[in-house]
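Take a look at this single chain in structure tokens; it is the form predicted on its own.
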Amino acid sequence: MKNERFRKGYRLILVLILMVSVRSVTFAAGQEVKIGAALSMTGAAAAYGATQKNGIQLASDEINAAAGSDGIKIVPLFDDDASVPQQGINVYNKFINADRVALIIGPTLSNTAQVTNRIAQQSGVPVLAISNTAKGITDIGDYIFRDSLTEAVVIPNTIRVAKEKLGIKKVAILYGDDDAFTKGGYDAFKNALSEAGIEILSEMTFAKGDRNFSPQLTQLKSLNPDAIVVSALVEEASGILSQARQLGIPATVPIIGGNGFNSPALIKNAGESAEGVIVGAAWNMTSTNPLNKHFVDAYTNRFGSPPDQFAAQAYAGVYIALEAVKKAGSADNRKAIREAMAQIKDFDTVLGKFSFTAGRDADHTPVVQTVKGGKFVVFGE
């Protein structure tokens, strides 16, 4: 009799366990997933934030249209981090405590992320960075991810390709030394140049907001480098390009840029001076990836201009977040979403086959671009 009661009790426990297990991976139809998007809509990185917002909105609208009345819907909550850490802190606190978002996408700049992501880590809120490339971002903790390739991945490939195709032997470096994004780019360039056996003739700096780069460029020109390596945000990068050509630095001396160059604003602001610029990237508009072709057409039709890398990474970020939510089986269980995010592997995106490394960094193939005819094209093609 006791054995029979035991067997019945044991079977009941098994049923309950199975019910809980199924519930943990079954997503209730029609639920909404709140995603906080902390973007630089104003300030030094506004050019990047604008296209990131477009990419997030486009992906969210596509997902919601396909969901119908009973599918998973994305509710993006946009807020301006103003390109500065303190405002980013305010935005993160609002997303985490007031809006109760499932996860956060952003912020735009690495120097903001170095501060804000610590708040998210302490609060147990997943973060998916879509443009942070500086070293150490994901080291903040196990809730921090990024779909943006680090400069440590992209820049060595850029230098290798430039050396192979152009025979570069000696360069001069110009970089912003007051921003984690540009300083991280400089560090990656210096290491890559050293490993490639390329001589560094000189290193010069500037500050965010500077407008006159003639003193630095005049000195660099006198050294007769084979190329000038620049790590800068797009506003300063545009001025550097224009002034370099005005000072007579010829197009035969290419300017090799960091991730900050990957914006149509560079071409718009610098005009013909942008021709021939070489920059490593995580994405190129001309990719024949079917998902990418759809994205480029949809973005261009909706916003009246082609997307840039920052829009592509933002767009991909929403679909990566959705995949994590589906795997987690929950619209708001932050821990489950974090655990599911870490398991994403070989996921089809506009960036190509996408996986996270063990350290939660992006893992996909970088490209090298150049500006030709007023457009970014794959270098060497």
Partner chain sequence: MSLLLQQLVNGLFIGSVYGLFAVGYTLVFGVLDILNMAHATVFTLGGLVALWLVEGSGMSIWAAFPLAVLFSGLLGLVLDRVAFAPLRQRSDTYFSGLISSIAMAIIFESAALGLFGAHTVRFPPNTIKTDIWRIEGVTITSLQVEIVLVALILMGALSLFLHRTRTGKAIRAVAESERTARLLGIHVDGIIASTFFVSSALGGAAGILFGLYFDALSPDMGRSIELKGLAVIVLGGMGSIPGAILGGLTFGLSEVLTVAVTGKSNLRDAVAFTVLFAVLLLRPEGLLGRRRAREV
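Everything numeric in this text was worked out from a predicted model, so none of it was measured. Positions refer to the first chain, counted from 1.
There is also a form predicted in complex with its partner chain; it is not shown, and the following applies to it.
Here the chain stands by itself, but in the predicted bound form one stretch of 240 to 248, 148 to 156, 188 to 196, 290 to 298, 240 to 248, has heavy atoms within 4.5 Å of its partner chain. A residue is said to contact a partner when one of its heavy atoms sits within 4.5 Å of a partner heavy atom; F206 meets this definition for its partner chain in the predicted bound form. Contact between E235 and its partner chain in the predicted bound form is found at the 4.5 Å heavy atom cutoff.
Using a 4.5 Å cutoff between non-hydrogen atoms, T42 counts as a contact of its partner chain in the predicted bound form. Contact annotation: T51 falls within 4.5 Å of its partner chain in the predicted bound form, judged by heavy atom distances. Of the residues given (G124, G141, G271, G71), G271 alone sits with a heavy atom within 4.5 Å of its partner chain in the predicted bound form. Only one of A46, I63, A336, A331 lies close to its partner chain in the predicted bound form, with a heavy atom inside 4.5 Å, and it is A46. Shown here without its partner chain, the chain has E203, M204, T205, F206, A207, G209, D210, R211, N212, S214, P215, Q216, T218, Q219, K221, S222 in 196 to 225 lying with a heavy atom within 4.5 Å of that partner in the predicted bound form.
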